[in-house]
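Taking the form predicted on its own, here's one chain by itself in structure tokens.
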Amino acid sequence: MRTLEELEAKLAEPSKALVEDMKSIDGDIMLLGVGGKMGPSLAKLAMNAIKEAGVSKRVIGVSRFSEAGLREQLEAEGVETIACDLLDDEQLQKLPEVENVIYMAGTKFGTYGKEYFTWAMNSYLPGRVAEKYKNARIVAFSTGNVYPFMPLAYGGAVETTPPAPIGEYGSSCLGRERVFEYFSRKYDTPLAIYRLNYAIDLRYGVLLEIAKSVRAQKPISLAMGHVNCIWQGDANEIAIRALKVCSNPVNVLNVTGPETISVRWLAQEFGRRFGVEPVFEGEESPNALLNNASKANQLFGYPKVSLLQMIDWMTEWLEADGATINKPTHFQERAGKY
């Protein structure tokens, strides 16, 4: 892939399994926080699956829409849009009732020094949304940051690993989960918690950050020497299909690729493709922030896009000077300060 059009089309390409599931997901789908990194492609993917399934269903995207042109872009694809500051309770209560909610609102970067806003977005707002949509199914986005660092020999945290977040961002995300779970139990709301590490789009993500450093021959930190990642199209598909497995008690899902990936190996793979020798600094730690997504893989199948395919696409993208988004993952961070 070398053009934005090709990338957008690939991200919004539904699988046969998603199309079949869309036939049996009753009711409309609302995406709260559609303006984030994953939201626009998720909305387009849902619309394409609805069209291929031949069903009548609305996809409603809710955001402040601070990015110029995004609202028009989504509406051109058939997505209904509503401009809303979710922290304004009057605006929140005016949103229409729907049967299915995918909750993507939250904040990560800029947490350090602005902790009060992080807790309001990540822990207070979920309670207001859970009350508003107590009669809906809810898939609530979360993060692997709720887990402790895992020894490499363990293969990553599983859904029953006791949470032990490092820093206020991870703690506020655990707060989000607990608040959603409280209201799920109170109102018998079907709920799935979606713990993601890390979605990959060619415009941002762990692979892009490593590839750019290799190409520019900038030192690559090995402090967080191992990572997980998954193609954003696959991650979006799981988010939609998870509407089928919402339950009470809550259904927790780790979402990522099947590999525990060595950062050193990734850099060497990009180095081989770019014809340069990677530059490293530091040494690998004996543990890392890692998820085991075996449960999600059993429910939904393995990701369609392989790791090597993502590496090849990323190489082509950078060689074609493809557009990038300045939203670094800070995957190297070990103190939880984002």
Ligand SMILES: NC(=O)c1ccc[n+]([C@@H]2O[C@H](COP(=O)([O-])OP(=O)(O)OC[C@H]3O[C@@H](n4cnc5c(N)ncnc54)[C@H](OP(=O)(O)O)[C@@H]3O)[C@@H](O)[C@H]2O)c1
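All residue numbers refer to positions in the sequence shown, first residue = 1. All values derive from a computational prediction rather than experimental measurement.
The protein also exists as the form predicted in complex with the named molecule; that form is not presented, and the subsequent description refers to it.
Item to complete: Establish, in the predicted bound form, whether Ser63, Tyr169 and Tyr198 all lie within 4.5 Å of the named molecule, using non-hydrogen atoms for the distance.
Response: Yes, the whole candidate spot contacts the named molecule.
Practice prompt. Give a yes or no for Ile50: in the predicted bound form, does one of its heavy atoms lie within 4.5 Å of a heavy atom belonging to the named molecule?
Written response: It does not: once the named molecule is placed as it appears in the predicted bound form, Ile50 has no heavy atom within 4.5 Å of it.
Worksheet item: Is there any non-hydrogen atom of Asp188 lying within 4.5 Å of the named molecule in the predicted bound form?
Response: Answer no; every heavy atom of Asp188 is more than 4.5 Å from the named molecule in the predicted bound form.
Worksheet item: Quick one: is Asp85 in contact with the named molecule in the predicted bound form, heavy atoms, 4.5 Å cut-off?
Response: Looking in the predicted bound form, residue contacts with the named molecule include Asp85, since a heavy atom lies within 4.5 Å.
Item to complete: Would you please decide whether Met150 lies within 4.5 angstroms of the named molecule in the predicted bound form, comparing each non-hydrogen atom pair?
Response: Because no heavy atom of Met150 falls inside 4.5 Å of the named molecule in the predicted bound form, the answer is no.
Worksheet entry | Ile220, Val129, Met121, Val79 - the one with a heavy atom within 4.5 Å of the named molecule in the predicted bound form | After the contact test, the surviving option is Met121.
Discussion item. Can you work out which of Val227, Met104, Ala211, Ala157 has a heavy atom no more than 4.5 Å from the named molecule in the predicted bound form?
Written reply: Contact with the named molecule in the predicted bound form is made by Met104 alone.
Worksheet entry | Candidate stretches 50 to 58, 27 to 35, 300 to 308, 273 to 281, one within 4.5 Å of the named molecule in the predicted bound form by heavy atom | Selected range: 27 to 35.
Practice prompt. For the heavy atom contacts within 4.5 Å of the named molecule in the predicted bound form, list the residues of 315 to 329 involved, in sequence order.
Written response: Residue within 4.5 Å: Lys327, and no other.
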